[in-house]
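Quick setup: one chain, the form predicted alone, written in structure tokens, and binding and motion questions come after.
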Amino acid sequence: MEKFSVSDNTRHLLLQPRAWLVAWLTLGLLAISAAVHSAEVEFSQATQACLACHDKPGMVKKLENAQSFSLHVSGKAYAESMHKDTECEDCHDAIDAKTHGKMVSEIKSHRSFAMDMGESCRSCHKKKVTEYEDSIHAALVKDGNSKAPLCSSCHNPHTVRSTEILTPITDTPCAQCHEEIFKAYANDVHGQQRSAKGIGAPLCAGCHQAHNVKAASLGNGVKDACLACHKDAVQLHKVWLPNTDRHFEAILCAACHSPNAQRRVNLRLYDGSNKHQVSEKMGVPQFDRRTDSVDTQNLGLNERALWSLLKEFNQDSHDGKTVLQGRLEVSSGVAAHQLSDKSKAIKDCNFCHQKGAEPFQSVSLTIAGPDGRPLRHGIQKDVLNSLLSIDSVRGFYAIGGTRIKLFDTLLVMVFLGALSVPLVHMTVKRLFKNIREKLERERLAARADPGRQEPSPALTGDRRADGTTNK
């Protein structure tokens, strides 16, 4: 019978102290990990009493609208959640333990129950609830929108996990309501990096905030979010992009970094006194009434109608500082989330600065609604080419870009005129240089030879101290 033998290499490895140390540490870590995962959270007696019934799968309640309302709470999932140390009664304080289960509890709908329970979040998450109440989501709830998210729409209170735990991007709650936008994001440069590299790439809350969500069209929040990560973007663009600061002011990042998107010029009513976008007041629909009155056929505002409308808003502001602040942007939220790799970004100046350029074919006038979302009205694209619009669109004018031809011509003439002054001066100076040098030589020769007649004073301009010319 052949004997079992150990090779020299294996024998040498087994005799190494370091190998045994690594082995024991590995076994120890595995044992600790198993112990941690097997350990059960010790719930209080009150919570255990609740789970005794609610941990049963299939436990449901029929609502008044005939829908089924799940009453099942997984004890295992709850023990792994951020709320594992929270007692059931801390949130469900309206329930009387003595009568619970013996009396029928009225629940009209999932929505009404979620709204009633939302107030219980405030006791522990006061700051987050305050931020949410100032968001576009809360504004939609107040407006009666039945699909606007509540706390439990994004955070299941019984299974909520730490945001530091990396989960698939498909688990992002934003995808429930913004499905088309999320699909675009998942396939763009940020979504692909998130899937490939994990938490290093931005997710929805990284740009739009988690609770204090504002309308993307309001202010410059989205652009500021881009620059918060891409801190060197302005300096890198200055290497090749003329007038970089002006471009960053008037063009949103996605307009160049979503090369296949449709674009538009958005002229926003802007209050120059308080440095904010003009907002519609709740219950006072001035914007629609005024735009409809000057554009009765809904053909889009022309230059005269735009000027008249701007005059009306200036009368309301009392300081006459309401202006149009223009910017170039993509035409939809989906397009804004189709960002490509920077190597595919638009870098050709002719893309915008040429006759009939695609980005200037769609123009709209915008005011912020009471909830921050934009109210829009179309503008005829020729407004950007009209001399009558100079005063209205002065906040968006760029030579060669908006193509007001007369204005471009005047600016070119001013530029050429300013350039010609030093050129003419240098030319005249050069032409008379030889004459001046000849006269100077004759003067020096006359002084050296007293008998020689000096050049005529009329040519030299030589005068005595008393003001009379030398003869």
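Residue positions are given as counts along the sequence shown, with the first one as 1. Note that the coordinates shown come from a computational prediction; the quantities given were computed from them, not determined experimentally.
One more form of this protein, predicted in complex with a small molecule, exists but is not displayed; see below.
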- Does at least one non-hydrogen atom of V41 fall within 4.5 angstroms of the small molecule in the model of the complex? no
- Message: Considering non-hydrogen atoms and a 4.5 Å limit, does the small molecule approach G369 in the model of the complex?
- Response: no
- Would you check, heavy atoms only and a 4.5 Å threshold, whether G206 touches the small molecule in the model of the complex? yes
- Item | Close approach of H353 to the small molecule in the model of the complex, 4.5 Å, heavy atom | yes
- Item | Option from 283-291, 361-369, 302-310, 142-150 whose residues, in the model of the complex, bring a heavy atom within 4.5 Å of the small molecule | 142-150
- Note on the structure: Of K108, H100, H276, K238, the only residue with a heavy atom within 4.5 Å of the small molecule in the model of the complex is H100
- Query: Tell me, which of V213, A261, L384, L324 has a heavy atom within 4.5 angstroms of the small molecule in the model of the complex?
  - Reply: V213
